[in-house]
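Take a look at this single chain, the form predicted alone, given in C-alpha cells.
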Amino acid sequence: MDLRQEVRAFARTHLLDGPPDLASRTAAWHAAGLANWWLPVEHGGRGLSLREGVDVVDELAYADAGFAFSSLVGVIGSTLVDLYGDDRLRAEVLGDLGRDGGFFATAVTERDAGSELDRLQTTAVPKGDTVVVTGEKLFSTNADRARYLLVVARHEAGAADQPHVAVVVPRDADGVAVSEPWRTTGLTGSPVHRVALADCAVPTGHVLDGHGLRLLEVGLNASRVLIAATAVGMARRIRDLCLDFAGRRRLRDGVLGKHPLFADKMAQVEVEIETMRSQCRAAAADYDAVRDDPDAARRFARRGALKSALVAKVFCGQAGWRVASTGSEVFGGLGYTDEVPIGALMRDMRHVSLVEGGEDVLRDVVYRRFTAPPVRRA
C-alpha cells in the first residue's frame, strides 16, 4: 500500500465513518504511525518530505478538514526546533513528539497586533539561566492538548537587529493558562484557544537561534503549503458530492448530471482541482529543495517567506472558494442547510483564505518582496 492509499484508508475508516471526537482520532492516527509525519526518522517520525505531506493533507481534508488542520499545524514549531534549536532541545522536543504523537501549538497572534507582528506586546525577559515570558495570545490551535507552545515575543534585552525571539514553552510550565475552545464557524474538528502566559520561566536553551519574526516566516512556509493542500481535498469532496447528487436529481425529462451546464461547471471544477494540486506540489518541491540542503537553516533565514508558498495559499484559497460556491449552487437550497455536507465544506473552505495570513496580507507581501523590486522578479 502506498502512502496515499494508506492515508485514504485511515481517513475513510476513522474520519468519514469513525467517532467524531479528536482524542480517539488522534490516538488512531498515532497508532497508524502517521502523527507528525514530517519529523526525522531518528526522532520517531516518518521523515516525509513536504511534497509527500501535500498528498497526506489532501487525503485527510477530503474526509475532515478540521482534523487535517490540527494534524498539520505542528509542522511550524517542530521544524523550527529542528532547524534552529540546539541538540539538547531537538532531542527533548522532537523525541517527545515522535514517541507519543503529541501536538506542537503556535502562539503568536495578539488582539491589538493582528497581522502587524512587530507590535506584539508579549515579552521575553532574561533572568539568570531562564527567560520569563508574559503576555496573552489568541487563536492557538491545539493549545490545550499540546506538549509544547511556540511563542513569539519581544526580547526585552535583545539587540536592535533581533528585537523578537521564538521561545519553546512546555504546555505544563508554571504560568501557562489555556482557555476553553472558541466556537468557530468552520473547522469544528480543530480546537482553537486563547493562551495566557504569566511570568512563565523556561530555560534559555528553549530560545531558538535567530530573529523571532524571521523564524516564524520560515516555519509558515511549510504550513501554508499544507493549508493550501486542504483546499484540494475539500474541492475533490465537493466535486464527488455534486456528481452523486446530480446523478439522482431529476431535471425535466432527465437528470441534472446529463445537463450540459452541469457538465461545464464540473469541468471547470476539475481544472481548479488540478491547478491547485500542481501549485501545491510545485511550492512543496521548492521548499524541499532548500530543506534538503545541509545549510538549510541559513538559506531559509535568508529567504524568509517563499514566493511559491505564498502564491499556493492565496490561489488555493480563491480557487477553493470558487469550487465551494459551485457546490452550493448545484445543491440549491439544500446547500444552505445542514441536511447535506456542502454547507459545512463551504465554512471549512473559508479558513484557507484566513488563517496564517489573510489574502490581503499575503498579496501585500508578494507585491513588496517579489513584484515591486525589479531585482526579485522571475
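Keep in mind that this is a model prediction, so the values were computed, not measured. Numbers follow the displayed sequence, beginning with 1.
Keep in mind that the form predicted in complex with a further copy of the same chain is not shown, yet the notes after this line are about it.
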> What stretch, of 80-88, 211-219, 179-187, 127-135, brings heavy atoms to within 4.5 Å of a further copy of the same chain in the predicted complex?
Replying inline: 179-187
> With the cut-off set at 4.5 Å between non-hydrogen atoms, does residue 51 touch a further copy of the same chain in the predicted complex?
Replying inline: no
> Hey, in the predicted complex, is residue 350 touching a further copy of the same chain, heavy atoms inside 4.5 Å?
Replying inline: yes
> residue 339: heavy atom within 4.5 Å of a further copy of the same chain in the predicted complex?
Replying inline: yes
>> Is residue 171 part of the interface with a further copy of the same chain in the predicted complex - any heavy atom within 4.5 Å?
In response: no
> So, 47, 201 and 206: all three within 4.5 Å of a further copy of the same chain in the predicted complex by heavy atoms, or not?
Replying inline: no
> a further copy of the same chain isn't shown here, but in the predicted complex which of 266, 296, 117, 285 has a heavy atom within 4.5 Å of it?
Replying inline: 266
> Of these, 163, 98, 191, 257, which has a heavy atom no more than 4.5 Å from a further copy of the same chain in the predicted complex?
Replying inline: 257
>> With the partner left out here, which residues of 317-348 have a non-hydrogen atom within 4.5 Å of a further copy of the same chain in the predicted complex?
In response: 318, 321, 322, 325, 328, 329, 332, 333, 334, 335, 336, 337, 338, 339, 343, 346, 347, 348
